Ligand code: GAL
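Single chain ahead, by itself, as structure tokens, in the form predicted alone.
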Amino acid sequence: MTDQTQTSQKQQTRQPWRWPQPLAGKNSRIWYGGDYNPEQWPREVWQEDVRLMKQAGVNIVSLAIFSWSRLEPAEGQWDFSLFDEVIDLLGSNGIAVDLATATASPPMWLAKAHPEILPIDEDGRTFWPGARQNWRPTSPVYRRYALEMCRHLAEHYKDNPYVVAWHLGNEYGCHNLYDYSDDANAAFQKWCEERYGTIDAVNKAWGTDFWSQRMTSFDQILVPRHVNGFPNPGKLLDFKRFSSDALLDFCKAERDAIEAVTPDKPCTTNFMVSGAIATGIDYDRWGADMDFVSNDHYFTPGDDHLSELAFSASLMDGIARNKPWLLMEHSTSAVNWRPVNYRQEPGAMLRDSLAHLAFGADGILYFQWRQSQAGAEKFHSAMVPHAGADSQIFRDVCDQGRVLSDLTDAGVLGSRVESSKVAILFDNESGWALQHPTVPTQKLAQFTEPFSWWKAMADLGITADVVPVDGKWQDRGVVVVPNVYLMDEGLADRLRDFAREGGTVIVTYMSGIADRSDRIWLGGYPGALRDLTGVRVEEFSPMGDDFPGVPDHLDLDNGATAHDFADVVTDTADDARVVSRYTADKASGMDGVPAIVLHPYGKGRSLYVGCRLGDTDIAGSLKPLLGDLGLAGLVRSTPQILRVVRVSPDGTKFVFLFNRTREAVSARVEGEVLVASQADAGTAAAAQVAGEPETTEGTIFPAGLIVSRVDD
């Protein structure tokens, strides 16, 4: 490798994992409930709410998330009476409280008195009050008021036996991730100084000699406000890092204010790991600072519904480092913020909840308990819909409560997700870098390659784990490196060591291209991994349809089709085997160019896939190589079924089977059936093979599932 500046993140010390404990006299259960907003309703509704919560099996609610204007109706005037009454009503009925800091949205009086807390966009426009999160993460004024709120809440409720956890903020950065104010500018300068130490190190990392952007002091650094051209890619990448860190710093300040008063109760905040794309927050970095991690997830309509959910939930298990996590929000049916808000299909509500549970969630919560009568989210579904308790949604909510109770009794709590032999690496920062307007093609901006590989593995009958790039993956058999564009020497060495000791590393195009500062590794692509992959790429060959006659695809000789992007592989190592080439007209210069290359490395091997293939073609391309890659023993005969396993310390297994298709699918059901939803668990006599658990042949219908227990 060439000698160039590396700026890897420092290793973080993780908070010890702490989980919300049950109310006094209660046993630990799978947490079940949702956001509760009693301030939207008269008192007589509160009594009805508690009665229905008990009927549904609800044992926890998130409270006061958007309640600052109730708790402090005017500066310095505190009123806890409403929430005192509600918390006592809930707790006396066996319902615990996850109490929010109420800082997600400032009250109108604060914004009016201190407009300097309001965010500024890159064009200099102010985000005025009227929605939510209208505050700057770097505003010292807002921090002062927010931490005062935290301290008052903590002091008031520090001895309340019904508060079991603290809910910091809410969906940090959902609407105020990027702020271009003077406060942000000063904080960005300080962040750069702490990260790099000297202005010369910043100049080198950002390549500021290009376009005469060289700086001589930190006060010359500007946040990337609107410019008349392309912004500096290194600077923009660091601004995204800074923006995530600025919100994390604010979140940690809230946590510290709470824990200074109530150190015995765990803190969390709700992530937004959803959509299988790079998010604006580096949630793996955030996870290290939470007592336990939580997530808000809303389904993707259509064919990818279950696959995207499973991908996101698996990534959450990776962020949680295989510890229990909380599903803080999802929906009973339609959301209200898409152009078209599709309803859930029958059976999907329970299926989705148990899919999150299968991937390690020990709590299932919704937004929200009762559907709002007014406001911006009044058409968002809820546990009690506008139609009331006499509705299919509420009946399903009650059924789900019984299922979660049964699974608790069966012993699911205390089990952990069984690791897959296949890990798909997810690097949020690489996703940020590929969103820059000057990369070879904007078609990679959505960073969907990790998801494509997850679906391809599922199509082969393999349930892969999604693991943060800095997480634990060295104990697997196969590691997929999809579009990990940013790569320092440390990560490259870890991958080499993994292959050298017998592992399989699958590397895709646009991986190992640049260091962590977005400076290109020289000598040919993939610069950081040329020796491991056994290939050398001199040029890229993007594809599109924006000009007549440009290439819009490339055919491979194995029957697959590449789209959007391909590498021009000019050299392969002497011991490498080209397993597929492009077939194209001579004028293209791509005919016969290697597309997929297998390369031995130490006791292991690498597979280089130098083009973008859809999940179907990825699976098809892997099939003849399963033995070479060490995947043959992992393939199941029914890839239509997603199989996830949780294992207890005593060896008991809980096997979750989900139908991935829109057709009925036959399934091999192991052990004792605990849950069968939209499924026939099988009535044939159990057939037992020596050394294997009893099995029956069942049928799982669309949106269906079966959960069974296999005793050790």
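Since we're looking at a predicted model, the values are computed, not measured. Residue positions are given as counts along the sequence shown, with the first one as 1.
Separately, the form predicted in complex with this ligand exists; it is not shown, and the next lines address it.
Per the 4.5 Å heavy atom criterion, this ligand in the predicted complex is contacted by stretch 295-303, the sole one of 608-616, 518-526, 354-362, 295-303. Checked against this ligand in the predicted complex, the residues 317, 329, 427, 254 give one hit for a heavy atom within 4.5 Å, which is 329. Note on contacts: among 416, 436, 380, 536, the single residue with a heavy atom within 4.5 Å of this ligand in the predicted complex is 380. Within 4.5 Å of any heavy atom of this ligand in the predicted complex lies no heavy atom of residue 211. Contact annotation for residue 66: at least one heavy atom lies within 4.5 Å of this ligand in the predicted complex. At a distance threshold of 4.5 angstroms between non-hydrogen atoms, residue 367 is in contact with this ligand in the predicted complex. Interface membership of residue 183, defined by any non-hydrogen atom within 4.5 Å of this ligand in the predicted complex, is ruled out. Shown here without this ligand, the chain has no residue in 574-593 lying with a heavy atom within 4.5 Å of that partner in the predicted complex.
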